[in-house]
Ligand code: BGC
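Okay, so here's just one chain, in structure tokens, the form predicted alone.
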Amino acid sequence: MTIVSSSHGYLAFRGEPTAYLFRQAPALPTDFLFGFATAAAQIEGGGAEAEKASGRGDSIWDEFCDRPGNIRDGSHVKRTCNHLEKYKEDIALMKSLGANSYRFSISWPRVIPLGGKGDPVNQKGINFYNNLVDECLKVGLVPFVTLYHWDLPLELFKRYGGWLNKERIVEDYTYYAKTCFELFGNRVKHWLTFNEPWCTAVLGHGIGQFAPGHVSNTEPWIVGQSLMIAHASASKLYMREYKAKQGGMIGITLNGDWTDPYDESPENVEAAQRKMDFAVGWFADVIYLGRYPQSMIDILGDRLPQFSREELDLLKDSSEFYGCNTYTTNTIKATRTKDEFAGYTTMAFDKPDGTEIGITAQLGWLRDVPWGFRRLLNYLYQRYNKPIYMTENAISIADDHTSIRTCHTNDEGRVQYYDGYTQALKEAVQIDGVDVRSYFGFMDNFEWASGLVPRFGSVYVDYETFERTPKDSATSLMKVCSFGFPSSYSKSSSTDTATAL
């Protein structure tokens, strides 16, 4: 199979791979990290009283959940999975399933309840994360730590608008990051500054679906710049003062799904690239290439904040790897819509022959499209030339939200999804030469504005009792990452996948 790079940045795959070449190779690099990914706001809470006793300050998500109608089922970030009390049980479960790493986030308001540089720290919160890191190391899990996964201290939003005030938020975030490096960096060797800044900017400040719930066509671009500068400030601080003595690495995780042109017409090919520019290039092109995508400049004009020379120098080489969160693939048409955040493109799943790509999931925006995942990995590696850490990948399947008593640990749709996506990952590594170094799945948790309804996890959580029960996909996923290809793998299935590309 040959890979041909086209002028618009997309990859054309031609020919069939020789399947035995990668069947005889090691399944994955021996230092490949695999396990489960969580976020503090999604799993830590055990109830309002427990959270108050823990000393955690409110985040913007606490206030957002307090407003009726914001959360689909009326659930609250204060009561999710009680990881604060059950972390030892959770870590033991991950280890028993075969994981070798645990990706989690630190809650900024749990460490510094009011959030600011001059505000007091919460020793109870510090103790919790010290214990969490130590427990990971005790059982042999590599801690992979995210500094910010959307839970901005509410007080900083009240004081000065949070991410809308670049100067003040960068100073406070950098101090928070420094605090974490000082407290945990002697044991944590993998750091992420931010998880999916696109979501903070667009969902939080553009369409109002996430906290703080703002609707604006100017705020997202301001917030995006603040997030990038805060990332670079914290990252360069780590590289300058901690990396040599602590021996870790630091980067950022960006979300972005593959976009396939509806057909090969020039306008649809261009539209697909434009959608990638707005979804991925907005942050990745600036951080890794030092510039905004031209399509964003053309469309947004002076609404797109400019960087000073000093800021561009700060951003340069500020991420040692590419952290990738992805879930699905879309077909893209040039037909103009009102969705500026998608570059005014039309996102769908249909193809010219009347069929649709992928298998449908519980949520309308999500499909099972493993060949799109492989294309995305190739695109990111070729464009940004950085090792890729897959930090989040999962699917919600129909009826998976019902009670454990109805035996919904049998999640065949999720098993199939992980079989396809891990096979696509291995093909990207072993055939295409993409440098991928990790893969993380999920456990059930609080899914932000969707509440506790959709379940993306491979471990079932009973939200009444907090009981955990592994689903079939948990064992299947860890076995695949540890030992090789899914049981359904065959030479013919590999050839079919490559041909579909």
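The shown structure was predicted, so the numbers you read here are calculated from the model rather than taken from an experiment. Counting begins at 1, following the sequence as shown.
Form predicted in complex with the ligand: not shown, discussed below.
Interface residue remark: residue 54 is not counted as part of the site for the ligand in the model of the complex, having no heavy atom within 4.5 Å. Residue contact with the ligand in the model of the complex: residue 144 places no heavy atom within 4.5 Å of it.
When contacts are judged by a 4.5 Å heavy atom cut-off, residue 277 does not count as touching the ligand in the model of the complex. Although the partner is absent from this view, residue 181 stays clear of the ligand in the model of the complex, with no non-hydrogen atom inside 4.5 angstroms. Comparing 378-386, 194-202, 123-131, 417-425 against the ligand in the model of the complex, the single stretch with non-hydrogen atoms within 4.5 angstroms of it is 194-202. The partner is absent here, but in the model of the complex a heavy atom of 149, alone among 83, 78, 149, 190, sits within 4.5 Å of the ligand.
For the options 288, 321, 157, 327, the residue carrying a heavy atom within 4.5 angstroms of the ligand in the model of the complex is 327. Residue 456 is the only member of 453-467 with a non-hydrogen atom no more than 4.5 angstroms from the ligand in the model of the complex.
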